[in-house]
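The form predicted alone is given below as one chain in structure tokens.
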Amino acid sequence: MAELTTFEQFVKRVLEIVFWVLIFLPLVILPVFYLVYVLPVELQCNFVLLGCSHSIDWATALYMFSPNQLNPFDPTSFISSMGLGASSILFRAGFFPGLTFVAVLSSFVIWYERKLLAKMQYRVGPLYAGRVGGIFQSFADLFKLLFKEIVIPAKADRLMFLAPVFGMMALGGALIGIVPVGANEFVASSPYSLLIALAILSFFPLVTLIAGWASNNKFSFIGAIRALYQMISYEIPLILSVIGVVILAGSLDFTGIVNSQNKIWFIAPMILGAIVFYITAMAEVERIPFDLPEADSELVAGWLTEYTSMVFGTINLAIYIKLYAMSAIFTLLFLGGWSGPAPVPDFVWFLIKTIIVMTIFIIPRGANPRIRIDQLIDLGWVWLIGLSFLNIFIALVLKASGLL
């Protein structure tokens, strides 16, 4: 077997394997399908319905004995009968608008961020993995991490060390599940979806604290303590910043909030709330200048110091899923969600707005220095809380006067 020396050769080898698997897979599936599903029905039809006849119409027999009288030879009806259709909860949670869609989008956002920051700093950025500006660099990094060894420190608490990996992905998946991307494109809906999203966000710093403690590393633990400080300083302004939106919309449901912005997006009357939410969301996703829990130049990688291979990759994917979720929530609260002037699908407008918001989250990383912990606490407890209360007062005045 020829040695693989480039990423393109590796991709070709993977595609060859997938091709031959798809070619030979029917040779295994069809006999199993016949023995397990077709043959029992044929025998039953022969001996019960057709009086031991030696000939049978398989399609008719399978139609008679298939669930809900659906024809299994019709792919659409057969898949729907198994609960795997496009409208099923499994498809929505696993594919669109669920985890697979957001994971692929996050991979491209990672590449987009690296290229954007490179242009801001007069660098090249990813170049070789993929013919268009290294567009497959994120996938190349994924394959690299998949084949690296998972190293767990000898003095770490093994169970608690690995638990944050599943915890971060579970919380990220829960956020995706409650955030709609269109009027009818969502995994789960609730009249209290905004409240549920805020509750889920409050668990992320706790998972970070567990990761830092379980690593049994002083750098990791200091990073985790900093994450706890950020949670205490920014959780309250984050919640207060959305109260003005709730007052104007009269709803805690994302769909109701979006529908209430038919006349005007809330970013205009609630500009102070939007600014506070943007700053606190930056702290929530630990973006520069609020990346004190990681602080590469001070704490190696903060609470992530001891994580390697695909464990590290999974946590980073969860962090970018969280970035997408915060950008999506900003879009729903202040930018009218999926509403737009052109007659295009709802999720198209939603994705355009969300990617713009993600870009605004990314840009400060290319120019801003990291702030000190005392500056972070002062900003959260003094300025942001004050602006949040002022924003609530403006919302009450607008609501009482009937202007909105």
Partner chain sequence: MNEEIIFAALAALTIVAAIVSLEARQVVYGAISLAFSFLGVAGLFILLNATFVALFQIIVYIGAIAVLILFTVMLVTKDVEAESKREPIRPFAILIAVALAVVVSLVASFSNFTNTYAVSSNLTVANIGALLTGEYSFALEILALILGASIVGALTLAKLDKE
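Positions refer to the first chain, counted from 1. Since the model is a prediction, treat every value here as computed from it, not as a measurement.
Just so it is clear, the following notes concern the form predicted in complex with the partner chain, a form of the same protein that is not shown.
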{"item": "Candidate spot L90, A93 and F186, all three touching the partner chain in the predicted complex (heavy atom, 4.5 Å)", "value": "no"}
{"item": "Contact assignment for the partner chain in the predicted complex, among F108, F203, F143, F166, heavy atom within 4.5 Å", "value": "F203"}
{"item": "Heavy atom within 4.5 Å of the partner chain in the predicted complex - the one residue of A170, A268, L127, I232 that qualifies", "value": "I232"}
{"item": "One stretch from 274-282, 254-262, 213-221, 143-151 that, in the predicted complex, holds residues within 4.5 Å of the partner chain by heavy atom", "value": "213-221"}
{"item": "Distance check, V104 to the partner chain in the predicted complex, heavy atom within 4.5 Å", "value": "no"}
{"item": "Heavy atom of A118 within 4.5 Å of the partner chain in the predicted complex", "value": "no"}
{"item": "Contact flag, L240 vs the partner chain in the predicted complex, heavy atom cut 4.5 Å", "value": "no"}
{"item": "Heavy atom of I247 within 4.5 Å of the partner chain in the predicted complex", "value": "no"}
{"item": "Members of 165-199 lying within 4.5 angstroms of the partner chain, judged by heavy atom, in the predicted complex", "value": "Y192, L195, I196, L198, A199"}
